[in-house]
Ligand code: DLL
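Below you will find one chain, with nothing else, as structure tokens; this is the form predicted alone, and questions on how it binds or moves follow later.
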């Protein structure tokens, strides 16, 4: 049952008519209000009126992350600051952060998208929701809080960190829903086992996870270890935050809120469109946002789109789980490798825990990949010979499935730093410059 069946179950032809109407309005808005876009359009000899079909969006220039940083903090804002009611920002791990200003109307749109996301995950007004996303400039904490509040849930804003307290509150308050990153969900599960608390016997029944790529294998691991349904929320600070796309009960692809976002898939090298159902880089255009609409924003996320009937009744197009990022892709022995592919293969190996890092070094002129992964306690305790056997097994599995040679190092349990937010999966030790 959708949260808003008027839009979530709209006939596709009618939905696309709505998209085109909103696209035209947005293009006129940014051309009039944002000098950056007006200049980019003029440079390519394009006027908003040239866009008469959805396919014509391909004529427009793309927007990239450096454009946002070059116009930091509010150079891409279409309204005066007195009309901005909130500003979020990315974590800013490299360079300046990405700002996300909102008008009151933008906030309402975001809350609507988040309510759809959480409702599709099976969350209802009688749920006790533990929100273990970071609260602050990052969009996650408040985005999830607002969506759950709109549904009418009891929200417990624990924020990230203090894992033992998270588990105690989960137990004492009877939390039925958990919000956090998928890697932190595994950290919570592991710590609960150490505290002799069986999360599977608690009232917790569903988790909504996002903010980092995670594989189907990791979803299965979370569901098994926590005894819950692990659902996904996808989004970007540049578009609004989480709530751009979401799991439904079918867990077969993420529905995109198409009345708010126009999605394309392109070849990341050429930016040419790829046929429906083929993999490529995801590009989004905002269709209703007022403060900072994005026109053809390159997400760098690799996925594919599917237009198909869903068991849930929604007609919104689906995107697959993100398989990697075009800027995170490694080239090892001439093979394109995404960290998520390695993760899926590691989770096939019963002797290891879902805690790993990939280390890239330079060997001569070539990049060399090493995999550090923690062994399960009973495996590690069998000694060096058993560990060497498992290392060989993992290396052979990766070689057999991906055709690359990697060095595998089996670590003692609890060796790697546990995540309370986005997990750091890749360590690049290649010389800089």
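Because the structure is predicted, anything quoted here is derived from the model rather than measured. Numbering follows the first chain given and starts at 1.
Quick note: we don't show the form predicted together with this ligand, though the next part is all about it.
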*Could you tell me if residue 425 has a non-hydrogen atom within 4.5 Å of this ligand in the model of the complex?*
no
_is_contact(residue 235, this ligand) in the model of the complex, heavy atom dist at most 4.5 Å_ = yes
_How about residue 138 - does it come within 4.5 Å of this ligand in the model of the complex, if we only consider non-hydrogen atoms?_
yes
*Mark residue 242 yes when one of its heavy atoms lies within 4.5 Å of a heavy atom of this ligand in the model of the complex, and no otherwise.*
yes
*asked:* Is it true that 144, 210 and 325, all three, sit within 4.5 Å of this ligand in the model of the complex, judged by heavy atoms?
replied: yes
*Just one of 162-170, 195-203, 317-325, 78-86 has heavy atoms within 4.5 Å of this ligand in the model of the complex; which?*
317-325
*Counting non-hydrogen atoms within 4.5 angstroms of this ligand in the model of the complex, say which of 261, 133, 184, 102 makes the cut.*
133
_Interface residue in the model of the complex among 223, 158, 288, 299, criterion: non-hydrogen atom within 4.5 angstroms of this ligand_ = 299
*Any residue of 4-42 that, in the model of the complex, places a heavy atom within 4.5 Å of this ligand*: none
